[in-house]
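Given as structure tokens, the chain that follows is alone and in the form predicted on its own.
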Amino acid sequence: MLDARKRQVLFAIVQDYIQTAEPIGSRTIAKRHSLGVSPATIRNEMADLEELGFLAQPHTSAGRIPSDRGYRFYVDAMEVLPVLTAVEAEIVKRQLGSILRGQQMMLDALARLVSSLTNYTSIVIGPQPHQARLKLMQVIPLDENRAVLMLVLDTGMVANEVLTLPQGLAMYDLLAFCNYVNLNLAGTSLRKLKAMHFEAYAGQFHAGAQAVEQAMDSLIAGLSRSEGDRVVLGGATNIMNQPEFRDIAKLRAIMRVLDEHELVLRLVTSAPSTSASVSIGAENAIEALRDCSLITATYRLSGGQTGHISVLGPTRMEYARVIALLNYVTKLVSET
């Protein structure tokens, strides 16, 4: 579609505009890039690229900026996926290694880490709760009449409930019930656990069976969070630092979208489950995000559970660096 010279000019404009956020002129390209041609030749190539829809001219006397089509061509032309430098990879690995503990802690920390490394807004989506499976139940006695019931899922999610022992329910009964659950129900999906009636399993101590049933229902309900609660944002206000969003109305529209977690969830999870998926400008289904690009990568946990990490920024985004970062982070999360 584009000959070698037009590609060189387009890529030079994309790369310079990503760094400066200022329209790029032919003389600037001639000075910064060794293309071996005059500014007049570059100017002609820019005019052709504009006519083909790869560039836009915001003002008559200004230079050119990439269009959505120009960014798309630039991203698709990456024949080899970019990778982080050894130094960057080591920094990410060291920081990530310290946060992969409980899932909610992991999601929050991942969002902060990615936003701090990119200076854009990060979106981390946790696995669907019903995909998770029971790993462990624990009883932690507090005193003679109270104990903490704790459920741990294979995703690292944890819920706990303080149970006051009713008349007729001894602590050893509760411990026996815990042992039964660990022996017989470990590996059971959260979806199946929600449908169970635990009074039947606690039948040997009828007086306390209802209390145990209520406590288990409460624990499982705590783990079965709403879909919107799977969404964690990092650096949501970073979008304000981009010169493209000095327009208050435009900025408010983006922030309203970010506040709608159900909407963000649908937006991110609709991306193909491949290495980093890139949605540029008008490719975004949401009108308020038509001046943004969204890059999404998928991580996989045990049992086939999946989640997503996305970066939202202006179309003038450091695509290569963000793609490299997301691919590396999701690889580490999946392996860990």
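Everything quoted here is computed from the prediction, not taken from an experiment. All residue numbers refer to positions in the sequence shown, first residue = 1.
What follows is about the form predicted together with the DNA, which we do not show.
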Can you pick the stretch from 293 to 301, 66 to 74, 279 to 287, 37 to 45 whose heavy atoms fall within 4.5 Å of the DNA in the predicted complex?
37 to 45
Look up in the predicted complex whether residue 57 has a non-hydrogen atom within 4.5 angstroms of the DNA, and give yes or no.
yes
Any of the heavy atoms of residue 7 lying within 4.5 Å of the DNA in the predicted complex?
no
Indicate whether residue 28 is a 4.5 Å heavy atom neighbour of the DNA in the predicted complex.
yes
Would you please decide whether residue 314 lies within 4.5 angstroms of the DNA in the predicted complex, comparing each non-hydrogen atom pair?
no
